[in-house]
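Take a look at this single chain, the form predicted alone, given in structure tokens.
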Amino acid sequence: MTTTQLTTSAPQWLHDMTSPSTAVIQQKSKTPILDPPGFTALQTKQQKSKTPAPVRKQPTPEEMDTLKLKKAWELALGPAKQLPMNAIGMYMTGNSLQIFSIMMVFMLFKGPIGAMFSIQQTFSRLETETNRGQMLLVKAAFVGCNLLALALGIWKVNGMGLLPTTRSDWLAWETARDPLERAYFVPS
């Protein structure tokens, strides 16, 4: 297709975009092309070099302790946030002895016990000399939340009938009672 055919059959904007002569003319003439509405022009390199990037001030030790304490509370209350999900899961698995319910109970016991054994590792990076007293309360809350998760597991094991809570579970250690008196029936 020649340029004469292009101009007669195509719109003007297509001719302007494909014709190399008009693109060169626009660059050489430096005619200002208006930006579309809503477009903000980028800063030039000179303007960028004149305005330095704002320097972020370093937090003070008190601010760092406050941030570390907030993060420690988030970690400590994490097990409590999982309790509703675990409770629904325990309810949905039912009380029968099946591999799925047994594995759910196993995982419910494994998580909190492992977390309580690694409590020092969990909070060591957040503990400093100045917030050591406050971290004791955080650690106590962490242990409390994990004990609640263990209580949920014990509730589930009791519901499954695996806890020996009735008298019939302990019959092997029961001694036979000696009766105070006996009644005999003799047919005549």
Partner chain sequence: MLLPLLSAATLLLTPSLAVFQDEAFHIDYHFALLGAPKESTTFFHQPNPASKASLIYTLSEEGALGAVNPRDGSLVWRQLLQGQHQSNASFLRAGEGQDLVVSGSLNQVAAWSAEDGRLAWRTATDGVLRDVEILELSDGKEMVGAKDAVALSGSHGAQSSVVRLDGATGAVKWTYEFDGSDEAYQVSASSTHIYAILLHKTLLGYLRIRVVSLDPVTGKKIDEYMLSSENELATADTIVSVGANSASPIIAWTDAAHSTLKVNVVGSKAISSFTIDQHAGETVARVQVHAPYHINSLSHFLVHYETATSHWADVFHVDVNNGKVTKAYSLPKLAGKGAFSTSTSDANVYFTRITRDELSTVSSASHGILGRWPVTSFGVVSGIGEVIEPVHAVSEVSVKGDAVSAIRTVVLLSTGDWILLRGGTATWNRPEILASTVAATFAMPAEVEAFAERLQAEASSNPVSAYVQRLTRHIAELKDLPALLVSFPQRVVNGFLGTSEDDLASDNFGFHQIITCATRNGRMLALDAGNPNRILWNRQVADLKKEQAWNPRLASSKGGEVTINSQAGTGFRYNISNGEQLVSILPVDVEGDAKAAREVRFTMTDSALDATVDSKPAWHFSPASGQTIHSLVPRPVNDPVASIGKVLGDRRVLYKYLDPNLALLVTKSSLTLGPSNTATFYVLNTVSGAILHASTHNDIDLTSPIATLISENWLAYSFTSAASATAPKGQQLVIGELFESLVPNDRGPLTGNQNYSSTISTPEPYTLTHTYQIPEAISKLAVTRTKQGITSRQLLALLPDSGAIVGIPYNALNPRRPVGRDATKDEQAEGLLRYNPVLEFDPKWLLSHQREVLGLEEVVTSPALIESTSLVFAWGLDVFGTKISPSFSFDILGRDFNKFQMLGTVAALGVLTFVVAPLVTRKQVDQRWKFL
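Residue numbers count along the first chain shown, from 1. All figures in this text were calculated on a predicted structure; none of them were measured in a lab. Rigid core here is just the name for the largest C-alpha set that superposes within 1.5 Å across the two forms.
The form predicted together with its partner chain is left out here; the points below concern that form.
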Output flag, K81, I88 and S96 jointly within 4.5 Å of its partner chain in the model of the complex, heavy atom basis | no
Considering only heavy atoms, tell me if D16 and its partner chain come within 4.5 Å of each other in the model of the complex.
-> no
Contact label in the model of the complex: P11 to its partner chain, heavy atom within 4.5 Å = no
Taking 4.5 angstroms as the cut-off for heavy atoms, does G144 touch its partner chain in the model of the complex?
-> no
Is L163 close enough to touch its partner chain in the model of the complex, meaning at least one heavy atom pair within 4.5 Å?
-> yes
Core-superposed comparison between this form and the one not shown, P164 Cα displacement 2 Å or beyond = no
